[in-house]
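One chain is shown next in C-alpha cells, namely the form predicted on its own.
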Amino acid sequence: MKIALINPNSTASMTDKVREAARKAAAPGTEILAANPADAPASIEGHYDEAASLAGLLREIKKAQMWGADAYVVACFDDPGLGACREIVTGPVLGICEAAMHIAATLATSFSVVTTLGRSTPIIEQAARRYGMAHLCKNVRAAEIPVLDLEQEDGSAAAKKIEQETRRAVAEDGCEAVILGCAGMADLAAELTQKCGVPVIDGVVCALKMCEAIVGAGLSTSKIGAYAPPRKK
C-alpha cells in the first residue's frame, strides 16, 4: 500500500516531522511518500495562506498519483483543498482535522482543540460544524505561537506553551480528549498523552491509519457527483 502525505506549505522540516510520525505508525508494508510544494507559503495561518497553497498542493497530489499512491493525506489542520483533491484522484483523500475529529469521537464524548494562533480558532470552529462535530467540541484554544516556532532548532518554548494549553483544556473545558491543531505538533502527542492523562490526538497519524483502513476495505472516492473529475474545458 502506498500513502502520500502532502504538506501544503513549503517548510521541509515540517514535512520531515510528518513523515517520521507516519513512519512510526504505519503498518508493515505501507510505503510513505511525504512531500511539499516549493512555492507555497512557509506556513498556513489563515485564509490567504490557505488559498495561496492550493495550486502547489494540487500539483503534489498529481505527482503522488503518478508515484502510484493508493491514498492521500493533506497534512494541514485547516484541511485546505480537500474537495478539489478528491476530484482529481480516485483514492481516498483525508484531511488531518477531519480525521482527528472523527477518531476523537470514537474515544471520548467531548474534545478540545489546541492550535497555534487565535486567528485559526474560527476556521477550526467552522470545520467542526462542517464535520458534524460541533456538539462534541468543547473549545478551540490557541497557544499563541506562530507555526514556524514549532520548527525552530530548539522548539522547547513552543512545546511548553502547547503543554500548558493542553493542561488548561483538560482542567477548564471538561473535555475528555485533546486534539493538536497543527501538523507541526505531530511529535508531541504521545508525550502529552502520558503527561495529561487523556488521549492527545495527532491528526497526521489518524489520517494515515484511516487511509490504511479505507484502502484495505477496497473502497475509493465516489465519482458520480460532487467528486467527479473536473470537466474538460
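Predicted model only: the values in this text are computed from it and were never measured. When you see a residue number, it is the position in the sequence shown, counting from 1.
Only in words, not in the display: the form predicted in complex with another copy of the chain, which the text now covers.
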| query | finding |
| --- | --- |
| Candidate stretches 191-199, 160-168, 31-39, 65-73, one within 4.5 Å of another copy of the chain in the predicted complex by heavy atom | 191-199 |
| Another copy of the chain contact at residue 87 in the predicted complex, heavy atom, 4.5 Å | yes |
| Residue contact check: residue 15 to another copy of the chain in the predicted complex, 4.5 Å heavy atom | no |
| Any non-hydrogen atom of residue 126 within 4.5 angstroms of another copy of the chain in the predicted complex | yes |
| Residue 152 within 4.5 Å of another copy of the chain in the predicted complex, heavy atoms | no |
| Residues from 51-67 in contact with another copy of the chain (non-hydrogen atom within 4.5 Å) in the predicted complex | 51, 54, 58, 62 |
